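Have a look below at one chain only, the form predicted on its own, in structure tokens format.
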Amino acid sequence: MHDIKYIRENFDIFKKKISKRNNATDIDKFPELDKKNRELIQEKEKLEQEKKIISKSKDEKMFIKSKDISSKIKKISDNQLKIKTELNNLLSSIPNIAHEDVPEGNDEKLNKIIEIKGEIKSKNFKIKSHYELGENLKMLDFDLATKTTGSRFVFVKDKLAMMERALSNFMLDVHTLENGYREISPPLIASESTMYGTGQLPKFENDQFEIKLDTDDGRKFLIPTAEVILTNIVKNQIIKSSELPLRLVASTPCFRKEAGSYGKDTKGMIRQHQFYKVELVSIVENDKCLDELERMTKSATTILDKLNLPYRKIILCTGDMGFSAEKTYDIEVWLPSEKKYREISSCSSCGTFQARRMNSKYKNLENENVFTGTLNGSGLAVGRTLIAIMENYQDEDGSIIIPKALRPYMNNMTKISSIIG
């Protein structure tokens, strides 16, 4: 959410900045809606003041006039509510402004590579995809998941299920013991206001799984990422600056309809409706966001370094960033079967954008209540890390060598094969 006063006073500048975000919202409606809303508020307040003066009078002739004023106030209030709702819907659909050092561009073609790390090892045999390897090992079963649940789900079995669990535990240990994050096991269901706070609603409602509960306390959704629930821990709070930075990590299932990805990555585990992810969230003083983004991104790449997986780091351009982000780094891991890098983590600074929606503040050195800065990032997507290990560590016979960093989490096994040895 943006500061409405800033938009009002700097509309042309704001409009120019937002135009770089591939924003479909008709922002030109703002001045008229804002002006009309303020005029109605002033008109209502004037009538309320007039009615207050009349109420002090004991002249019975003024009673009819008071009733007439009340009727006018009701009509103005109803109209103002409609205008205010339209204005709020407009403001809620405007993305964050990109930070000044973010490259300009309409799509991913103008993202910039920052770093390439790790050795892409050549194989003297034909590379198999992760789904070929998993099905041959009888440890990935997409057909069974389609029968029991539907498309874009999978049964992960036996030693691959063990590796999936090992990856979550390994990532959590690195982030808590080495990177300074505090582990949280959060609810997997979020309220409508919680989803609004981080920007999933109302703009991306079609991508969310809404659930029905036998309660009357509002709409509920399965979390699309732990970012939603972790960031909202500070909703409607004023935090002491001494408590910041607040760094949190959680390993959770995530649920997404992938509504805008019809026909994309239909084979395998790349794009599923349900997947596991280790999520990093930071709540910081708002002038520390960019430094924290560098720290968070380094925490995520540390996992790939320890697993010895080749990857690259890119900065997203203005048109490719997420709705709430002001600056984003994507980390992409090498997938041999596709001969290209694929996203495995996205680390974003949101500035005060989410904090305004959540009403999250802290007291600064001048004892003023100011909005917090929020950041989030994958540390990492567990399923995609599993895919990367399977493909990069595959052997000619279809077995999977287990990375050394994971072996203590897998009973010191060295290899996954159809015949366990």
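For every residue, the number given is its place in the sequence shown, counted from 1. Everything quoted here is computed from the prediction, not taken from an experiment. Take the two forms, superpose them, and find the largest set of C-alpha atoms that agree within 1.5 Å; that set is the rigid core.
Although it is not shown, the form predicted in complex with the RNA is what the next lines describe.
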- Task: Considering only heavy atoms, tell me if residue 38 and the RNA come within 4.5 Å of each other in the predicted complex.
- Result: yes
request  = Mark residue 238 yes when one of its heavy atoms lies within 4.5 Å of a heavy atom of the RNA in the predicted complex, and no otherwise.
outcome  = yes
Would you please decide whether residue 395 lies within 4.5 angstroms of the RNA in the predicted complex, comparing each non-hydrogen atom pair?
no
- Using heavy atoms and a 4.5 Å limit, would one call residue 8 a contact residue for the RNA in the predicted complex? yes
- Query: Are all three of 51, 70 and 361 close to the RNA in the predicted complex, meaning a heavy atom of each within 4.5 Å?
  - Reply: yes
Assert contact_stretch over 372-380, 23-31, 39-47, 386-394 against the RNA in the predicted complex, heavy atom within 4.5 Å, equals 39-47
- Query: Has the Cα of residue 151 moved 2 Å or more between the shown form and the other one, judged after a core fit?
  - Reply: no
**Prompt:** Has the Cα of residue 45 moved 2 Å or more between the shown form and the other one, judged after a core fit?
**Reply:** yes
